[in-house]
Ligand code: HEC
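As a starting point, one isolated chain is supplied in structure tokens, in the form predicted alone.
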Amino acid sequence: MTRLLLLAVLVLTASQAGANFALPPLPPREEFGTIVIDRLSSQNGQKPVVFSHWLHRSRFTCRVCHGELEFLMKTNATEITERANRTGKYCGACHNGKIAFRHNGNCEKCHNGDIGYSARRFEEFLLQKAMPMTATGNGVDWSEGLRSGAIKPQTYLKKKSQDMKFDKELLLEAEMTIIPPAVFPHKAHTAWLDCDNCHPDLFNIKKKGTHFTMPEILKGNYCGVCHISIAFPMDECRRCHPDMRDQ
């Protein structure tokens, strides 16, 4: 009897595990990874800025914005101003009329307040690039797209980053014994990010065994900074817990 109970516990499926947590509902795939930036716009009588991660990710790796251009990883945490942009900082590093369209006369391309603004371009992108697909998020397997060469995003603008060949995988034991361990592949993350995007602010490597749980992740902390609404979402349990069974 004990062995039968143990077997029943071990065959916990991904859907059953997900049901134990309040996973946030997913938007339409063309809106997944799209954020609304509104630190100052509304209070200054302007529509909020709508930023599509998928559009920029197809051209630049995450480290360009979140390292070289110093955008913080939390929405609305960076003190972006029109003055800063016009002097070549933040968005202005690219939107200067040379790399991308410049500000003058193109305000509504960013300040439109419409989270579905670039939906049509997303469908065109999928057809043009023949991107490898996955089940959730915005339906794109971005890591595989990078590996296969379907996309070739730039890794820097002016300041070349130091490529890290660190491919150690970490085995992260779950708090619930019925949940198989999560596997964290450094290589898949350093392909997009620099070490200081995660360390020490998100994960303090000086504190061995940083304690993070699914409830904390679902609040947007730790892995949840990206894996809630930017990178593949939490309902793809087996992407992190590979030994978890599907239905």
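Start at 1 with the first residue shown and count on from there. Fair warning: this is a prediction, and the values are worked out from it, not measured in the lab.
One more form of this protein exists, namely the form predicted in complex with this ligand; it is left out here, but the text below deals with it.
A heavy atom within 4.5 Å of this ligand in the model of the complex is found for exactly one of L126, L157, I115, I151: L157. Proximity of A77 to this ligand in the model of the complex: non-hydrogen atoms within 4.5 Å are present.
A residue is said to contact a partner when one of its heavy atoms sits within 4.5 Å of a partner heavy atom; A174 meets this definition for this ligand in the model of the complex. Contact between R29 and this ligand in the model of the complex is not found at the 4.5 Å heavy atom cutoff. Contact check for I99: a non-hydrogen atom falls within 4.5 Å of this ligand in the model of the complex. Interface residues of 89 to 110, taken as those with a heavy atom within 4.5 Å of this ligand in the model of the complex (partner not displayed): Y90, C91, C94, H95, I99, A100, F101, R102, H103, N104, G105, N106, C107, K109, C110, in sequence order.
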